[in-house]
Each structure stands twice: as C-alpha cells, then as structure tokens.
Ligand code: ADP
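A single chain, nothing else alongside it, follows as structure tokens in the form predicted alone.
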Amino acid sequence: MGKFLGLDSSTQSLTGLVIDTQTGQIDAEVSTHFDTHFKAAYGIDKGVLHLGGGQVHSAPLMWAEALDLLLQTLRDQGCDLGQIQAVAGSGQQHGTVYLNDKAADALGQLRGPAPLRDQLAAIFSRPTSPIWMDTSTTAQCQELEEGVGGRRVLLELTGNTAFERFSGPQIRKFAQQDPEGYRRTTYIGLVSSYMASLLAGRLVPVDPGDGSGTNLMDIRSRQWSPRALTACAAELEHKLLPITPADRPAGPVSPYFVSRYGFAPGCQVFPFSGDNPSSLIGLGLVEAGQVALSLGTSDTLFACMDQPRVSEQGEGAVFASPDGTHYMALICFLNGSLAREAVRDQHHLDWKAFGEALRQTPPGNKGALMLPYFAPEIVPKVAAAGVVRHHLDPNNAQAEVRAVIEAQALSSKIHSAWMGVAIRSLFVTGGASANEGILQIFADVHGCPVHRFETANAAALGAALRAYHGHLKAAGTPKPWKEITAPFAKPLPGSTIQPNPAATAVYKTLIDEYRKLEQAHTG
C-alpha cells in the first residue's frame, strides 16, 4: 500500500495523477497545458507544429521542460513526492524521438540545480518529433508493406496495416529524406520511452503496448520483428533498445528528481506505455470481453481481447495490453459527436429536445435508416462526406435523431465483430454519455448492460495503477489486476442501463438491413 504517480504526456498537455492505495482515492491531479506555458518559446499551436504537407511535429525538449513545471506544481500544491513509491506513465502513441550519442551520458549525469531544458538541449539528432497527427508518409506506408511481403503479411505480423501516423513509416521517411540526421541518431524512442528515460536517468526501452503502435513489433512474440525492421530502415535494429515488459522496473528515479523535488531515492520507475493501452488499464478493462466506448468528437471503441485478432479490412488497430496478458482492439468512428451535433443543429434542437426525440420514437425507427457521413469516415472507410437516408424523411426531426444514434450503435456492433469478443458489458465515457436515451440504444443494440464511467484522465490513472501493480510484483507480493483496478475504475453509482429484450430483438433483425445499406454505399 502507498502512493503512486502516473504521468500522461498527451498532445496538448502533461498530466500527473497520484493515487493513494490505502484510501482508494486520487490524492492529487495536475495538468500543465503546453500552449499556456510554451507557445512563444516553441512556436506551437495546440501543442504541435504544423510544418506543411501533412507534417505535424512537436518539441521533445518542451516535454522535458513541462515535466519540471508539472513536478514543481505538484510540490507547490502540497504533494509530498517523497511518499511516491513508484512512477509509470503514458505518452501519445506513435510519436518518435531521435537522440544522438550524447544522450545516454547526459541522462546519467542529470543533477540540479540547472533545469532539464538546459541539461538536455544537445541530445537530439532531430529537434522535433513527428506525432500521431502527421499524415505525410503514405509512400512509406506502401513501401513498408511491400518490404515485408504485402499488406496482409504486415497485418498478420504486427496486428496492423501500415498507418501514416505509426512510427515505422515516420522512421523510414526520416532515413530517406535526412540520411545524415539518421546516421547521427544513436537511439530512436517513442514519446513514452523518452519520458521514462528522463525520470530514470537512463535510456529506457519501449514497452509492448506502445511498441505495437509502430508497425515494427511482432504482435505475438511482443518483440521487434527483424523482418519489419529490415523493411523499414537500415541499421534500425541497432537504434532501438529491446522491448521490455511493462512491469519490469527500469531502475530508481534519477538523482536529479531526488534533489530537486524530494523524491525518495528508492522510488522505482517503470516503463511507460502508450496512452490508449494505458487508458485500457485506467478504465479497468483487464478481462477479455470488457469493452469501452468513448463518445467524443469521434467515437472510439476499445476492447480487451485474449488473443491478437486482426481486422481483415484494416478497420481497427491492435495493441498489446500493458497488463502483460491481454490485447487491446481499437476502432475509431470519425462521425461521433460531429454527426450528432450536425443533426441537432440542422433541426434547431437543444440536447434536451434531442433526448426527448429518442424517447418519443420506437426502436427500429419504423425502418428509417441513416448513414451519417457528415465528414469522410474512418470506419467504414468513406472517402467523401455524404449523408444517406433510407425511408427517412429529412424534415422529420425526431426520426432523424433516432436514425443517427441507431446508425452509430449498429455500426459499432457490425465493425467490432472482427475482434471475436463476446461483449458482456459496455463502459461509456465522453460528453454524450450524459444522455440516457443514447446509452439505452447502445445497450439494446449490443444486448448488454451499459455503465457510465466518468474519467477525464484515464491514461494517467492507468499509469498510476501500472506503477502500483509493478511495485507489488517487484516486492514479491503481486495482486491480480482486477484487485488493482477495482477501487479506482468504477462506474458511476446508479448509472447502469439494462438492455430492453424487445428492443434487442428489433435490432437483431434491423442489423442485416443496415449492413446491406452500408455495403451498397461504401463498396
């Protein structure tokens, strides 16, 4: 029992969250917003640099500076960092950090009083890091797939087809376009491993959760794939440290953090993971069949799987779970709140009237269906925006409201089938989870209870829980994951919505009609 720190280095901010496992409470929670503090110094906008041609980068030195500021803020707010027994973290997935031959020594020699920014300014072979928003590597994606023997081979090998935002294509592009910079690169890390290296004062390897977001890791062995590395770039096997289990200590916290912020010398640092796999832990999804749905601007469905099943159509991503046993499936539907708000605004409704429309319309909507592609869609792949209405009057506001929600729920069921997960319960987060009518439709379509789960920082919480789990295992007193997550990852009391059997029967019939409509308009 004790206190554990989870960090989450996201696109726009760095968050620190401290849990107290004695009380089962979050003890402290602080975020450092990059634009607020570093906009002028680094030229960022919403945490990133838009370099043109689809290139979106960020500044790894800024992340180090943010770490100093975050820890100082925690301390100023009365958090005794000396009580922290272990630290783990998460980083925005797919971002790559390029370090030169000075990096290992500089990390090992970190001491106060100079800040991290001053001590680490010379360790980068590339001053900026391409991140998940970068879409400039389409050619490299094709080359990587061809290099391993085709798209299907890469999918089976790594769990994913080549994505522009993934690390492998980004590394290949750098090696092609700046061969001298690539030659000067001694170590390539991810955002997660870079942040862990700062804390540990040594180069920390990548964990399997974040490694599986690179197109370079064998999804089954949880090690770098020699075949993928060879297809990606020359000498890459020498620039990547071996993948390490997420619960293997990386070592004690650097003396820099002991002297500057009062960490205990024995505080252990565990490998950081990606933000999506960390959120899986933060939401308590540690058993196969548990599924969460985030209803945001885009809707994201992610599930805990016992085997690394893959989507034949490349509709979802597969990552290793940091729990060391399971896998994570992730599907992103671009037309989430974007579509819900479009229908609301077209009919001049507020959210109260939107919810009332759901209550006043029957399950199945009398056969009226909508394909709500108000913007190009990711799943299913739709290149151009275009709303399709089937037996649906565009002037009937109530029918339109039900049609868009039923479309989203039916699509989530159809396109999650490849995961091979029998969905027993659905945890829902995000702004739209406040609407019980929306949740009822998802419960009825999936035929399972829906639990509302309110958390703003699931990735940071998952990181703190990982630190707790790793600490107990290293001490020889391991606990099952369910016991680790249970006190913190709980649905809101009284929020569970049960499926209506009659409505579920309606949707079992309707889903085939919706699938045919979708296939007719998506090819």
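Owing to the predicted nature of the structure, the values given are computational and were not obtained by experimental measurement. One rule holds for the numbers: they count along the sequence shown, beginning at 1.
Here the subject shifts to the form predicted together with the ligand, a form of this protein not shown in this document.
Enquirer: Look up in the predicted complex whether G431 has a non-hydrogen atom within 4.5 angstroms of the ligand, and give yes or no.
Expert: Looking in the predicted complex, residue contacts with the ligand include G431, since a heavy atom lies within 4.5 Å.
Enquirer: Taking heavy atoms and a 4.5 Å cut-off, does L157 contact the ligand in the predicted complex?
Expert: Close contact is absent here: in the predicted complex, L157 is far from the ligand, nothing within 4.5 Å, heavy atoms only.
Enquirer: So in the predicted complex, is the ligand close enough to F374 to count as touching (4.5 Å, heavy atoms)?
Expert: F374: no, not in contact with the ligand in the predicted complex.
Enquirer: Would W418 sit within 4.5 Å of the ligand in the predicted complex, counting heavy atoms only?
Expert: The answer is no: W418 has no heavy atom within 4.5 Å of the ligand.
Enquirer: Within 4.5 Å, heavy atoms only, which of L295, L110, C79, A231 is in contact with the ligand in the predicted complex?
Expert: It is L295 that has a heavy atom within 4.5 Å of the partner.
Enquirer: Of the residues D306, D178, E356, E341, which one places a heavy atom within 4.5 Å of the ligand in the predicted complex?
Expert: Exactly one listed residue reaches within 4.5 Å, namely E341.
Enquirer: Which is the contacting stretch out of 434-442, 134-142, 257-265, 359-367, given heavy atoms within 4.5 Å of the ligand in the predicted complex?
Expert: It is the stretch 434-442.
Enquirer: Can you name the residues of 349-366 that have a heavy atom within 4.5 Å of the ligand in the predicted complex?
Expert: Heavy-atom contacts to the ligand in the predicted complex: only W351.
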